[in-house]
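Let's start with one chain on its own, the form predicted on its own, as structure tokens.
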Amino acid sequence: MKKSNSLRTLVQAGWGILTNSYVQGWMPGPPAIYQGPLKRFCVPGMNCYSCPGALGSCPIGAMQAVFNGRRRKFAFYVVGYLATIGLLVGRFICGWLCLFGLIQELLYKIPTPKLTVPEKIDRPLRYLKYVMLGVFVFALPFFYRTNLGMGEPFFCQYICPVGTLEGGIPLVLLDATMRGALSWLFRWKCALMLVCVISSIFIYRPFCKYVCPLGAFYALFQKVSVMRMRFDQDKCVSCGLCAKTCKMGVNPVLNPNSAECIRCSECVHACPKQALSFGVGPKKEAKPDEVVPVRLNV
């Protein structure tokens, strides 16, 4: 179990460093945000475009940038790109290639009493991320227009704690001239970010569970993705270790491809009988003529 957790942490950290390796952007002085050819492409996880070291674009920000145009163009490229990822691996990206997910996990490792959100509160809150996706990422940027005929990136501008932590705060710290231009909006987003950071110490990945619109988008494809979790009922001994291990509140026995599963594989390694595994496509059932008859010695 510990080896699998360490491997996933290394993959998350390595991917975060690789996609934020623009060294010049981290130098003190006026912002030197990378705007080269790699910025035309979106990273698969949440990663702010304005992060000083970011080499790629954030898919949520890219979608809203297209929606904000005067002609109300639909972001076919970004939506198609994300849909392809979702169809291939579902929410695997959330568990393995999201830097902000790693940050939340590291905060959760701080030794403090942990909180369990009551099911009556937890269950409806899980739908909040779909509201974020449908209303703040799609509807408002696409339909709302200012006096200048332009839209606004509502989620990125007014809500996203990822942009504040990875982009806003580092830029303010690196450039003294930006500190005098801070507005109420920056303070508001810092307050939201603090709520997210503090809650991550006590609750496992609260942003991923309740707020993240990218996780909500990938979750739409979880049950039909090529990569799937398989449950072998014949091997299961109903010990319940998989459900106890899952920090996302999923019971793999009842719903192995739940929309809430980030495919971290911790339940797979926790199962003492190897009843859980990841594979391509649904588990093949034996055909009637392939079933070997069992002979009883009377």
Partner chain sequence: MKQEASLKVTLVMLALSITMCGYGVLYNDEVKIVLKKATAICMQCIGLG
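Numbering follows the first chain given and starts at 1. Being a predicted model, the structure only gives us computed values, none of them experimental.
Unshown form predicted together with the partner chain; subsequent notes refer to it.
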Classify L87 as contacting or not contacting the partner chain in the predicted bound form by the rule of any non-hydrogen atom within 4.5 angstroms, answering yes or no. yes
Against the partner chain in the predicted bound form, would Q157 count as a contact residue? Criterion: heavy atoms within 4.5 Å. yes
Although the partner chain is absent from this view, report whether K223 comes within 4.5 Å of it in the predicted bound form, heavy atoms only. yes
I'd like to know whether L10 contacts the partner chain in the predicted bound form, with contact meaning heavy atoms within 4.5 angstroms. no
Three-residue site F100, E105 and L128 fully in contact with the partner chain in the predicted bound form at 4.5 Å by heavy atom: no
Just one of 196 to 204, 215 to 223, 130 to 138, 111 to 119 has residues with a heavy atom within 4.5 Å of the partner chain in the predicted bound form, so point it out. 215 to 223
Taking heavy atoms and a 4.5 Å limit, what residues of 183 to 199 are near the partner chain in the predicted bound form? S183, L185, F186, K189
